[in-house]
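The data below hold one chain only, encoded as structure tokens and taken in the form predicted on its own.
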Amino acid sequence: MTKPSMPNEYPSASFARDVPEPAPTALLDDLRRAGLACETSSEVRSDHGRDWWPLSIADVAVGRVPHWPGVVVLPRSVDEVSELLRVASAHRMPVTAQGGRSGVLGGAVAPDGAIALDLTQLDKVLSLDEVSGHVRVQAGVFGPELETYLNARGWTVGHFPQSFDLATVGGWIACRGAGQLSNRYGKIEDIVRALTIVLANGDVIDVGSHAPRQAVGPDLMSLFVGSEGTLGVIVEATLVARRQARFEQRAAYGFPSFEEGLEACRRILQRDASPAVLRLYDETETQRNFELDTCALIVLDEGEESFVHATMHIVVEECANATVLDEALVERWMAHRNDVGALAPLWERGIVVDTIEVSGSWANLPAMYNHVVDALKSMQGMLVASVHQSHAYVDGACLYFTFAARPEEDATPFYRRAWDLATRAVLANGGALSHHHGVGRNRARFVENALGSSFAILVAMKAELDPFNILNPGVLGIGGAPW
């Protein structure tokens, strides 16, 4: 079992005083009678009261615990997860499912007094069907462990988010994640075939199918992909695996403007070329990542040689008017793509920094880009606001904004206002609230506006599946007050 890694650690002696009492004795007694492993120490509880939400980094640096769950429970089987939820329902006690806690929006933060459900001991790869290419895996398996198992047999899932070293399979699915090679391998909703879910009352259900597609009413599995632990707890998954790629090509180009680079990406995708990596950086991010004065586009494709050649031929044609850059830029990105080590030091120095990933249609992206960057730069104390495009489709793409500021005021209201301004600009330009980070607690206040009239359906599903609102209340803007 891999131990989740957090951005920073609490100073020594942080919990010498002012530690809230653990969960009520009656609840703890029932959990232990059910044979569940429970942790109530201040060290374990404090650690499970946070995830990678940047807002918590400054608290941790000075020994403040963002939230104190009442107890941390570490089940070792699906049956134990079921027993835990039966007990929690009887006590009307909130439960937050947790894996690697790599989310950056507070979705895996267990509220004060709640049960933190640590799923990382459900860490087994259960089977691999080498005829169909299906791998069955428990939710607490970390990405590197799954890929090590598959690679040894010549397979891959192809799902490589930036949080790859920190995140679990259950987290990928619960947050509807996307990997960095998603143009080739698909997002997690394209990869998952079946799920085992434990509902709030402890019932265990299977959704999805081991067939590639079924037309048996609405897709019930999709209710839980992206539900962030609010409708049920994901405990097992069947994923599509592929044979490892045998060939690869790389390229890099420079464009005079971000808009011209977006146009090239659009033309590439609309000619049915989907290189595994197609990442476009604005001038600011190109300078920061590559020390070049241009808008850099890096391209990588892998797979069967003939298909890769065909894809890269289209890329060459559509980038004919761009400046050819050294393809070594791709390796430079590959070497540092999962490095998140700078986040904590910046926050600890008083610099408020975060990323906001959204998506939109090709027609809307240029205006969205300009309006979001302008909105962020309008804030007093803002040092930089920049963007790159990281996932592309036939009809649109994901824009990934980064901002950094040194506000004169307290960090929290500034941070909240930056998110408010950027999100309003995204929604006003027809964009989606999130592309792959999900909602968590940070974005929960925007969900009703983003979903419009369909928000009532989400509320109704929550009431049916979780009538006592014990599952991650407040996340997705349902079952409790948003942040």
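Residue numbers here begin at 1 and follow the sequence given. This one's a predicted model, so the numbers in the text were calculated from it and none came from an experiment.
Just so you know, the form predicted together with a small molecule exists too; it's not on screen, but the next bit is about it.
Although the partner is absent from this view, G177 contacts the small molecule in the predicted complex, with a non-hydrogen atom inside 4.5 angstroms. Using a 4.5 Å cutoff between non-hydrogen atoms, S163 counts as a contact of the small molecule in the predicted complex.
Not displayed here, the small molecule is approached by A167 to within 4.5 Å at the level of heavy atoms in the predicted complex. When the small molecule is considered in the predicted complex, D301 lies well away from it, no heavy atom lying within 4.5 Å.
When the small molecule is considered in the predicted complex, only one residue from C265, I234, V372, V387 comes within 4.5 Å through any heavy atom, namely I234. Proximity to the small molecule in the predicted complex, defined as a heavy atom within 4.5 Å, singles out one entry of I115, L119, L399, L280, which is L119. Figure note: of the listed segments 148-156, 213-221, 249-257, 102-110, the one touching the small molecule in the predicted complex, with heavy atoms no more than 4.5 Å away, is 102-110.
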